[in-house]
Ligand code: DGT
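In the form predicted alone, a lone chain appears below as structure tokens.
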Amino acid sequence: MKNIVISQLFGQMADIMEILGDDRFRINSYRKVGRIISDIPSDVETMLAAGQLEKIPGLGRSSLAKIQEFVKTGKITAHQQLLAKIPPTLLELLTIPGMGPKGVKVVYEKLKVTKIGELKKAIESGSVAQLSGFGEKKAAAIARGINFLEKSTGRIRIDQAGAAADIVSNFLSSIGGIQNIQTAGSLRRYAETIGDVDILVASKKGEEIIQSFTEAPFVQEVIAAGPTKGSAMIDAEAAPVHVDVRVVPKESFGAAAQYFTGSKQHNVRLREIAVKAKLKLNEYGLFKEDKILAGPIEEEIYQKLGLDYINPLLREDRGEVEAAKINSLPSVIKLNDIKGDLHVHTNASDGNCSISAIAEAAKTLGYKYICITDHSQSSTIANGLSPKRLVNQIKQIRKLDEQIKGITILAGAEVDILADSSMDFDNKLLCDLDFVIAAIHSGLASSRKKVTKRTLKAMDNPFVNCIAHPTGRLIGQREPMDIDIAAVIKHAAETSTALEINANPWRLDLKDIHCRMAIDAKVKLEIGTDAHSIEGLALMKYGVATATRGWATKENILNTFSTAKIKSWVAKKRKALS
């Protein structure tokens, strides 16, 4: 939690300084520090005490002093001093879509607006439209942004955003005149949550396409419509979604794809390289004076800048630009590298289909194996299996494995880690299973010490092969456990225990930065769908995307192994710890 708070404080200091018109270099420096801290998977306080924090690139002496002050006192004096220079409610204005620090600075200085309610009144009176750089269109857009903020439930999950993008993309593809179409923004980068959906179109018929989009039957409200860009709230299956459609000429499509995919920090790094080479990079192309060097094809942007092409999922300014300079980007995992799913539920617990149905569905995906991992007895709400029921299920799996050709069916279980750190089944039963995943399902709000101890103790068991959804979070519904993830990763390496990337978009747990930390520690990761239905098997793509964002290669992921290699890996731990 300290990492999150410190990151937010540095971001807030940058916002205040921008509102106050402070030095641009200092503003960018604070933003960078905030981003670095948010990406550190280990506890900042622990790293500071061990002298490790000062070794992280981008954290200067002044920033380290502020971090140290916060760790000791719970506050940063510089932050307190900046807050004192503005009304406390002014920062609320930054939550409005379309209102950045520059806009807040203008309405504050010219109209003395300090609250969202005051801004609404100023828009209604016409005062905002009269400000230099605003006008009626921008004022109306801000009003819609306020309305959206008031109605919005916040960021949406990646699967919700993807479903909305499919609705719009399929519609646009059907109207003709489109040369190319793809998603952009955080959706293309497969971020775990999405603010709005960006769709990029190459066409000569910009106005026609935007008009068709804004008049589509699924549009609830038009936010803006111009000759090349339209914004609207659309009626998606799960929730209203804000979608932006941009139309660009074909000759700029590659540059626009790069620019609008982001991230912002990644783009800043590319522009820095371009400026040093006396080039100009924007959404229209890469230019040397008035001559275009690259534009239609995205890969050429990177090539002309002296970089290997960078996978969109890696574009977060986490070292990918440096790696691209020296040809050391990872050969990241792909969906077709996955040979099986090791976390699947059936109707024996809380799934909705049989073992044989799951196995046949897995065969159609080209899988070599599937592992049945129904819940253990303590998960009563999930109809967890008693020891007797599990014994019978193992017999059933062995029989079906002989009958169903073309795929291996493994017997497993998702076993609860109990409050006293013991396992929900005894070792005599666990040893009859091919693969065991362990998980905390109760007491998630317990202390950091307790939940960490429970997880570490589970990994000491020679029959536990993987920790499922290690932090227990549910995106948008439940915060992660206050678990020492660094200690978990360290012990996973020591005990040859895999950590799961749960592919369910409600979880995506481990998250990307924790995946990368685990990979650095030589911990094997397992991507499991946690499927409770045949349809759930298709969630694998989200887990693979999270693994990619964590720089995972095929070699880092357990379920890219063959059946024989997985069995050998399981046997090795059992022999070492028994």
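We number the residues from 1 along the sequence you see. The model shown is predicted, which means the values in this text are computed figures rather than measured ones.
Keep in mind that the form predicted in complex with the named molecule is not shown, yet the notes after this line are about it.
| Given that the named molecule is left out here, which of 317, 424, 196, 374 has a heavy atom within 4.5 Å of it in the predicted complex? | Partner contact (heavy atom, 4.5 Å) among the options: 196.
| query | If you check 288, 449, 85, 264 against the named molecule in the predicted complex, which one has a heavy atom within 4.5 Å? | reply | Selected option: 264.
| said: How about residue 183 - does it come within 4.5 Å of the named molecule in the predicted complex, if we only consider non-hydrogen atoms? | reply: Because no heavy atom of residue 183 falls inside 4.5 Å of the named molecule in the predicted complex, the answer is no.
| query | At the 4.5 Å heavy atom threshold, is residue 253 in contact with the named molecule in the predicted complex? | reply | Residue 253: no, not in contact with the named molecule in the predicted complex.
| query | Within a 4.5 Å heavy atom cut-off, is residue 271 in contact with the named molecule in the predicted complex? | reply | Taking the distances in the predicted complex, the answer for residue 271 is yes, it comes within 4.5 Å of the named molecule.
| query | Using heavy atoms and a 4.5 Å limit, would one call residue 155 a contact residue for the named molecule in the predicted complex? | reply | Yes, contact at 4.5 Å.
| Looking at 485-493, 89-97, 139-147, 186-194, which lies within 4.5 angstroms of the named molecule in the predicted complex, counting heavy atoms? | One stretch meets the cut-off, namely 186-194.
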